[in-house]
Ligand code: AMP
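The chain below stands alone and is given as C-alpha coordinates, in the form predicted alone.
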(Lines give C-alpha, C1' and ligand atoms only; values in the text may rest on other atoms or scores of the structure.)
Protein backbone atom coordinates (compact mmCIF):
# COMPACT_ATOMS: atom_id res chain seq x y z
CA UNK A 1 0.00 0.00 0.00
CA UNK A 2 1.98 2.97 -1.30
CA UNK A 3 1.14 6.56 -0.41
CA UNK A 4 2.51 10.02 -1.16
CA UNK A 5 1.19 12.93 0.87
CA UNK A 6 3.26 15.75 -0.61
CA UNK A 7 2.80 16.41 -4.34
CA UNK A 8 2.87 19.54 -6.51
CA UNK A 9 1.25 20.15 -9.90
CA UNK A 10 1.09 22.88 -12.54
CA UNK A 11 -1.27 24.71 -10.17
CA UNK A 12 1.92 25.92 -8.46
CA UNK A 13 5.49 24.98 -9.39
CA UNK A 14 5.09 21.39 -10.58
CA UNK A 15 5.61 20.30 -14.20
CA UNK A 16 2.70 17.82 -14.45
CA UNK A 17 -1.01 18.65 -14.51
CA UNK A 18 -3.22 17.30 -11.72
CA UNK A 19 -4.67 14.80 -14.19
CA UNK A 20 -1.20 13.58 -15.15
CA UNK A 21 -0.22 13.21 -11.50
CA UNK A 22 -3.33 11.10 -10.83
CA UNK A 23 -2.72 8.94 -13.89
CA UNK A 24 0.92 8.27 -12.95
CA UNK A 25 0.03 7.64 -9.29
CA UNK A 26 -2.53 5.02 -10.34
CA UNK A 27 -0.10 3.43 -12.79
CA UNK A 28 2.51 3.13 -10.03
CA UNK A 29 0.04 1.50 -7.67
CA UNK A 30 -0.36 4.28 -5.14
CA UNK A 31 -3.48 4.04 -3.00
CA UNK A 32 -3.50 7.50 -1.35
CA UNK A 33 -2.02 10.77 -2.57
CA UNK A 34 -2.35 14.38 -1.46
CA UNK A 35 -2.24 17.36 -3.81
CA UNK A 36 -0.36 20.06 -1.89
CA UNK A 37 0.40 22.96 -4.21
CA UNK A 38 2.10 26.09 -2.89
CA UNK A 39 -0.48 28.70 -1.88
CA UNK A 40 -2.91 27.32 -4.47
CA UNK A 41 -6.10 25.26 -4.51
CA UNK A 42 -6.46 25.12 -8.29
CA UNK A 43 -5.11 21.59 -8.68
CA UNK A 44 -7.47 19.94 -6.23
CA UNK A 45 -10.73 19.71 -8.14
CA UNK A 46 -9.14 18.46 -11.40
CA UNK A 47 -7.29 15.78 -9.42
CA UNK A 48 -10.45 14.71 -7.59
CA UNK A 49 -12.36 14.50 -10.87
CA UNK A 50 -9.58 12.51 -12.54
CA UNK A 51 -9.57 10.05 -9.64
CA UNK A 52 -13.32 9.42 -9.75
CA UNK A 53 -12.81 6.67 -12.32
CA UNK A 54 -9.96 5.08 -10.34
CA UNK A 55 -11.49 3.35 -7.29
CA UNK A 56 -8.10 2.12 -6.08
CA UNK A 57 -6.79 5.69 -5.59
CA UNK A 58 -7.86 8.22 -2.98
CA UNK A 59 -6.94 11.91 -3.42
CA UNK A 60 -6.67 14.08 -0.32
CA UNK A 61 -7.28 17.79 -0.96
CA UNK A 62 -4.42 19.81 0.46
CA UNK A 63 -2.00 22.70 0.06
CA UNK A 64 1.39 23.91 1.24
CA UNK A 65 1.76 27.39 2.71
CA UNK A 66 5.20 28.99 2.76
CA UNK A 67 5.79 30.96 5.94
CA UNK A 68 8.60 32.85 7.64
CA UNK A 69 10.12 32.96 11.11
CA UNK A 70 12.78 35.54 12.02
CA UNK A 71 15.60 33.18 11.02
CA UNK A 72 14.06 30.53 8.82
CA UNK A 73 11.50 29.54 6.20
CA UNK A 74 8.86 27.13 7.47
CA UNK A 75 6.23 25.36 5.40
CA UNK A 76 2.82 24.25 6.65
CA UNK A 77 0.90 21.48 4.89
CA UNK A 78 -2.87 21.51 5.14
CA UNK A 79 -4.84 18.30 4.58
CA UNK A 80 -8.58 17.80 3.99
CA UNK A 81 -9.11 21.52 3.56
CA UNK A 82 -12.35 22.98 2.24
CA UNK A 83 -10.95 24.14 -1.08
CA UNK A 84 -14.08 26.23 -1.69
CA UNK A 85 -13.62 28.27 1.50
CA UNK A 86 -13.84 31.96 0.55
CA UNK A 87 -11.58 33.25 3.30
CA UNK A 88 -8.87 30.74 2.40
CA UNK A 89 -9.16 31.60 -1.30
CA UNK A 90 -8.83 35.33 -0.63
CA UNK A 91 -5.75 34.91 1.55
CA UNK A 92 -4.07 32.60 -0.95
CA UNK A 93 -4.81 34.99 -3.81
CA UNK A 94 -3.07 37.76 -1.89
CA UNK A 95 -0.07 35.50 -1.30
CA UNK A 96 0.07 34.50 -4.97
CA UNK A 97 0.02 38.13 -6.05
CA UNK A 98 2.91 38.68 -3.67
CA UNK A 99 4.73 35.77 -5.34
CA UNK A 100 4.41 37.36 -8.77
CA UNK A 101 5.64 40.74 -7.56
CA UNK A 102 8.60 39.04 -5.93
CA UNK A 103 9.36 36.95 -9.02
CA UNK A 104 9.48 40.08 -11.18
CA UNK A 105 11.96 41.66 -8.75
CA UNK A 106 14.13 38.51 -8.78
CA UNK A 107 14.22 38.54 -12.59
CA UNK A 108 15.26 42.21 -12.49
CA UNK A 109 18.02 41.48 -9.96
CA UNK A 110 19.29 38.61 -12.09
CA UNK A 111 19.42 40.99 -15.03
CA UNK A 112 21.67 43.30 -13.02
CA UNK A 113 23.95 40.31 -12.46
CA UNK A 114 24.15 39.67 -16.21
CA UNK A 115 21.62 36.83 -16.22
CA UNK A 116 19.05 37.76 -18.83
CA UNK A 117 15.85 35.70 -18.71
CA UNK A 118 12.53 36.78 -20.19
CA UNK A 119 9.60 37.38 -17.85
CA UNK A 120 7.17 35.96 -20.42
CA UNK A 121 9.14 32.70 -20.38
CA UNK A 122 8.86 32.48 -16.58
CA UNK A 123 5.09 32.89 -16.96
CA UNK A 124 5.00 30.19 -19.64
CA UNK A 125 6.87 27.80 -17.36
CA UNK A 126 4.35 28.47 -14.58
CA UNK A 127 1.61 27.14 -16.87
CA UNK A 128 -0.84 29.69 -15.57
CA UNK A 129 -0.36 28.55 -11.97
CA UNK A 130 1.27 30.29 -9.05
CA UNK A 131 4.65 31.74 -10.10
CA UNK A 132 7.57 30.58 -7.98
CA UNK A 133 11.35 30.53 -7.86
CA UNK A 134 11.49 27.06 -9.49
CA UNK A 135 10.09 28.61 -12.69
CA UNK A 136 12.88 31.20 -12.62
CA UNK A 137 15.42 28.44 -12.01
CA UNK A 138 14.10 26.50 -15.02
CA UNK A 139 14.34 29.60 -17.20
CA UNK A 140 17.94 30.07 -16.06
CA UNK A 141 18.73 26.44 -16.82
CA UNK A 142 17.17 26.67 -20.28
CA UNK A 143 19.39 29.61 -21.14
CA UNK A 144 22.50 27.78 -19.94
CA UNK A 145 23.29 30.11 -17.05
CA UNK A 146 23.46 27.23 -14.58
CA UNK A 147 24.55 23.58 -14.96
CA UNK A 148 21.65 22.25 -12.86
CA UNK A 149 18.29 23.34 -11.51
CA UNK A 150 19.56 23.28 -7.91
CA UNK A 151 22.46 25.60 -8.77
CA UNK A 152 20.03 28.51 -9.16
CA UNK A 153 19.10 28.32 -5.50
CA UNK A 154 22.62 27.64 -4.28
CA UNK A 155 24.25 30.55 -6.11
CA UNK A 156 21.55 33.08 -6.94
CA UNK A 157 17.97 32.90 -5.69
CA UNK A 158 18.23 31.01 -2.40
CA UNK A 159 17.79 32.81 0.90
CA UNK A 160 21.42 33.96 0.98
CA UNK A 161 21.74 34.53 -2.77
CA UNK A 162 22.39 37.93 -4.42
CA UNK A 163 19.08 37.85 -6.31
CA UNK A 164 16.92 36.74 -3.38
CA UNK A 165 13.85 38.88 -2.66
CA UNK A 166 11.54 38.59 0.32
CA UNK A 167 7.80 38.47 -0.18
CA UNK A 168 4.68 38.77 1.93
CA UNK A 169 4.26 35.68 4.06
CA UNK A 170 2.21 34.47 6.98
CA UNK A 171 3.81 33.29 10.19
CA UNK A 172 3.69 29.51 10.75
CA UNK A 173 1.07 30.05 13.47
CA UNK A 174 -1.09 32.16 11.13
CA UNK A 175 -0.85 29.50 8.43
CA UNK A 176 -1.86 26.72 10.83
CA UNK A 177 -4.85 28.74 12.02
CA UNK A 178 -5.82 29.45 8.41
CA UNK A 179 -5.84 25.72 7.64
CA UNK A 180 -7.92 24.96 10.74
CA UNK A 181 -10.38 27.73 9.89
CA UNK A 182 -10.82 26.13 6.46
CA UNK A 183 -11.68 22.80 8.09
CA UNK A 184 -8.26 21.27 7.51
CA UNK A 185 -5.50 19.54 9.43
CA UNK A 186 -2.16 21.41 9.58
CA UNK A 187 1.12 19.46 9.46
CA UNK A 188 4.66 20.83 9.68
CA UNK A 189 6.52 20.10 6.42
CA UNK A 190 10.14 18.80 6.14
CA UNK A 191 11.08 19.91 9.67
CA UNK A 192 14.51 18.27 10.12
CA UNK A 193 16.55 21.48 9.77
CA UNK A 194 14.28 23.90 11.57
CA UNK A 195 15.99 25.72 14.41
CA UNK A 196 14.41 25.58 17.88
CA UNK A 197 11.86 23.12 16.57
CA UNK A 198 10.50 22.04 19.96
CA UNK A 199 9.64 25.60 20.89
CA UNK A 200 7.97 26.05 17.50
CA UNK A 201 5.97 22.82 17.91
CA UNK A 202 4.54 24.01 21.22
CA UNK A 203 3.40 27.25 19.59
CA UNK A 204 2.03 25.49 16.53
CA UNK A 205 0.09 22.96 18.58
CA UNK A 206 -1.69 25.86 20.23
CA UNK A 207 -2.57 27.05 16.71
CA UNK A 208 -3.98 23.63 15.77
CA UNK A 209 -1.02 21.64 14.42
CA UNK A 210 -1.76 17.91 14.32
CA UNK A 211 1.37 16.40 12.80
CA UNK A 212 4.83 16.66 11.30
CA UNK A 213 6.43 15.25 8.16
CA UNK A 214 8.88 12.57 9.27
CA UNK A 215 9.31 10.71 5.97
CA UNK A 216 10.84 12.93 3.32
CA UNK A 217 13.28 12.92 0.42
CA UNK A 218 16.86 12.70 1.69
CA UNK A 219 15.98 11.84 5.29
CA UNK A 220 18.09 8.98 6.64
CA UNK A 221 16.85 6.48 9.20
CA UNK A 222 18.37 8.36 12.14
CA UNK A 223 16.59 11.57 11.14
CA UNK A 224 13.29 9.75 10.58
CA UNK A 225 13.49 7.98 13.94
CA UNK A 226 14.24 11.27 15.66
CA UNK A 227 11.24 12.98 14.06
CA UNK A 228 8.94 10.06 14.86
CA UNK A 229 10.04 10.28 18.51
CA UNK A 230 9.57 14.05 18.47
CA UNK A 231 6.05 13.64 17.11
CA UNK A 232 5.18 11.10 19.81
CA UNK A 233 6.58 13.37 22.51
CA UNK A 234 4.29 16.21 21.42
CA UNK A 235 1.23 14.09 20.66
CA UNK A 236 1.44 14.57 16.90
CA UNK A 237 0.86 12.18 14.03
CA UNK A 238 3.50 11.66 11.34
CA UNK A 239 3.20 12.24 7.62
CA UNK A 240 5.45 11.93 4.62
CA UNK A 241 5.88 12.27 0.90
CA UNK A 242 8.16 12.91 -2.03
CA UNK A 243 7.61 16.67 -2.43
CA UNK A 244 7.30 15.74 -6.09
CA UNK A 245 7.48 18.55 -8.65
CA UNK A 246 8.27 16.58 -11.80
CA UNK A 247 11.34 18.71 -12.43
CA UNK A 248 13.75 15.80 -12.69
CA UNK A 249 17.34 15.88 -11.54
CA UNK A 250 19.31 13.76 -9.14
CA UNK A 251 17.88 15.38 -6.01
CA UNK A 252 14.18 14.85 -6.72
CA UNK A 253 12.36 11.75 -5.55
CA UNK A 254 9.91 10.25 -8.03
CA UNK A 255 6.19 10.27 -7.37
CA UNK A 256 5.61 7.71 -4.63
CA UNK A 257 9.36 7.30 -4.26
CA UNK A 258 9.52 7.76 -0.48
CA UNK A 259 8.73 4.81 1.78
CA UNK A 260 5.91 6.25 3.91
CA UNK A 261 4.12 3.84 6.29
CA UNK A 262 0.50 3.39 5.29
CA UNK A 263 -0.67 4.09 8.83
CA UNK A 264 0.35 7.74 8.27
CA UNK A 265 -2.53 8.00 5.80
CA UNK A 266 -4.84 5.92 7.98
CA UNK A 267 -4.31 8.12 11.03
CA UNK A 268 -4.71 11.29 8.99
CA UNK A 269 -7.93 10.03 7.39
CA UNK A 270 -9.32 8.88 10.75
CA UNK A 271 -8.55 12.27 12.27
CA UNK A 272 -10.26 14.03 9.37
CA UNK A 273 -13.35 11.84 9.78
CA UNK A 274 -13.52 12.58 13.51
CA UNK A 275 -13.12 16.28 12.80
CA UNK A 276 -15.90 16.15 10.19
CA UNK A 277 -18.25 14.42 12.64
CA UNK A 278 -17.61 17.13 15.24
CA UNK A 279 -18.45 19.81 12.67
CA UNK A 280 -21.68 18.01 11.69
CA UNK A 281 -22.75 17.71 15.31
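Since the model is a prediction, treat every value here as computed from it, not as a measurement. Positions refer to the first chain, counted from 1.
What comes next is about the form predicted in complex with adenosine monophosphate, which is not displayed.
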Given adenosine monophosphate in the predicted complex, answer whether the residues 66, 134 and 245 all have a heavy atom inside 4.5 Å of it. yes
Among 153, 79, 83, 141, just one has a heavy atom within 4.5 Å of adenosine monophosphate in the predicted complex, namely 153
Considering non-hydrogen atoms and a 4.5 Å limit, does adenosine monophosphate approach residue 96 in the predicted complex? no
Does residue 145 reach adenosine monophosphate in the predicted complex, with heavy atoms at most 4.5 Å apart? no
Partner proximity in the predicted complex: residue 177 to adenosine monophosphate, non-hydrogen atom cutoff 4.5 Å: no
Thinking of adenosine monophosphate in the predicted complex, which stretch from 115-123, 96-104, 191-199, 206-214 has heavy atoms inside 4.5 Å of it? 96-104
Which residues from 31-48 come close to adenosine monophosphate in the predicted complex, meaning a heavy atom within 4.5 Å? 38
